[in-house]
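Below you'll find only one chain, the form predicted on its own, shown as structure tokens.
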Amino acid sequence: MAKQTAATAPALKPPQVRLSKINRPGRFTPYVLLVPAIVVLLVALAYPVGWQIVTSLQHYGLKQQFGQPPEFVGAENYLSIFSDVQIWAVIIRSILFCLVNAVLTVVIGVLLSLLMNAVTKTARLVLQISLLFAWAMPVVAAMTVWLWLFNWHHGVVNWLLGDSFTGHNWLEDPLSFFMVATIIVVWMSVPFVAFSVYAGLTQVSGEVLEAAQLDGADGFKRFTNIILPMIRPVLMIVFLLQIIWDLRVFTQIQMLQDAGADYTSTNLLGTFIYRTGVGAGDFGMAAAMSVFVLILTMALSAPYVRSLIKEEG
């Protein structure tokens, strides 16, 4: 009878814990937490961006710097961007330089991260310290060394290449100028990509890779079918950042130009805006170009941002 009663007795349900209304997070709590960050961004960016937009609609030159009221010209500065052949040459040159550098940086960074993941602990430590030194070196100090290496009078590169390159000026021809600029920019950017991708590689399960190897997958198949899909979010983020950084590169190009290059054939967007504003005193046109670069950066970044949002979903 006792057994029958125990069998027929209803099962006891575990007590359900209900969150009180005080402790339950509200629907708008995440948005409220974002308010401080949004306020900081608005305070830091609202005035500079607003000033650029207003100035881009004016004729703002040296006279305006000394108190003369600016002249409102509407979209005249923007129309000049689309009608000036020289400006379009700078824009196309900057986009090509940006994409080439971003692709090379990511490819070399991925290869170095794979190397760090494959070598011994000592070799990995030496490689990481070397990359860290290259990344931490100030831009001006690094450029001083690179300018000495490619100096056409007594540069190390010309000396290593032999008598046929004695007195060869790498900065005279635009093609060799941008080759040198690419080497420098990629060298400075690769450590960030290598460290970021290596951090992603440490999250790849070794058991999965070992199982794939036992199933007969070689190194290339393991990389393309297992490793690459797992580190894809990291690759997309670093590629997006590289596009933004390489489109706005300034210091390296400016110092290479000052070393003896032709400005008209080697200008990128950063140096062109600098020479238009500070050099020529046309701050209205420089502001319009700055706004255009902002829009161009957003346009180039849009596909990757869309993919990142899709990945999060």
Partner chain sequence: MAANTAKDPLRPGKAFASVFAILIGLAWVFPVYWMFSSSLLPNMTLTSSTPTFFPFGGSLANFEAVFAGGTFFTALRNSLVVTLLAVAFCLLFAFCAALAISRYKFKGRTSFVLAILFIQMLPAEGLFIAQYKMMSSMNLLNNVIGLAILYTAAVVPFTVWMLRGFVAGIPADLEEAAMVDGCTRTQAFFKITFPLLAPGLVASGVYAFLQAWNEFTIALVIMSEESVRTLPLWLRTFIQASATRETDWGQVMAASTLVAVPVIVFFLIVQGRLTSGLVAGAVKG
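Just so we're clear, the structure is a prediction, and the values are computed from it rather than from any experiment. Positions refer to the first chain, counted from 1. Between two forms, the rigid core is defined as the largest C-alpha subset superposing within 1.5 Å.
The next section is about a form of this same protein that is not shown, the form predicted together with its partner chain.
> Of 69 to 77, 84 to 92, 236 to 244, 173 to 181, which is the one stretch near its partner chain in the predicted bound form, taking non-hydrogen atoms within 4.5 angstroms as near?
Correct option: 236 to 244.
> Taking heavy atoms and a 4.5 Å cut-off, does Ser164 contact its partner chain in the predicted bound form?
No, no contact at 4.5 Å.
> Should Met137 be counted as a contact of its partner chain in the predicted bound form, where contact means heavy atoms within 4.5 Å?
Yes, Met137 lies within 4.5 Å of its partner chain in the predicted bound form.
> Would Gly206 sit within 4.5 Å of its partner chain in the predicted bound form, counting heavy atoms only?
Answer yes; at least one heavy atom of Gly206 falls within 4.5 Å of its partner chain in the predicted bound form.
> Is Val145 close to its partner chain in the predicted bound form, meaning a heavy atom pair under 4.5 Å apart or at it?
Yes, Val145 is a contact residue.
> Looking at Leu96, Ala118, Leu228, Val107, which has any heavy atom no more than 4.5 Å from its partner chain in the predicted bound form?
Checked against the cut-off, the match is Ala118.
> Would you mind checking 115 to 132 for residues with a heavy atom within 4.5 Å of its partner chain in the predicted bound form?
The stretch 115 to 132, when checked against its partner chain in the predicted bound form, contributes Leu115, Asn117, Ala118, Val119, Thr120, Ala123, Val126, Leu127, Ser130, Leu131, Leu132 at the 4.5 Å heavy-atom cut-off.
> Once you line up the core, how about Gln64: does its CA shift reach 2 Å between the shown form and the other one?
Yes; Gln64 is a residue whose C-alpha shifts (by 2 Å or more) between the shown form and the other one when the cores are overlaid.
> Given a core-based superposition, decide whether the C-alpha of Tyr263 shifts by 2 Å or more between the shown form and the other one.
Comparing the forms between the shown form and the other one, which are aligned on their rigid core, Tyr263 does not shift its C-alpha by 2 Å or more.
> Rigid core fitted, is the C-alpha displacement of Tyr47 between the shown form and the other one 2 Å or more?
After core superposition, the C-alpha of Tyr47 moves 2 Å or more between the shown form and the other one.
> Kindly indicate if, in the predicted bound form, the C-alpha atoms of Tyr304 and Ala136 are closer or farther apart than in the structure shown, bearing in mind the change is 3 Å or more.
It is closer: in the predicted bound form, the C-alpha atoms of Tyr304 and Ala136 lie at least 3 Å nearer than they do here.
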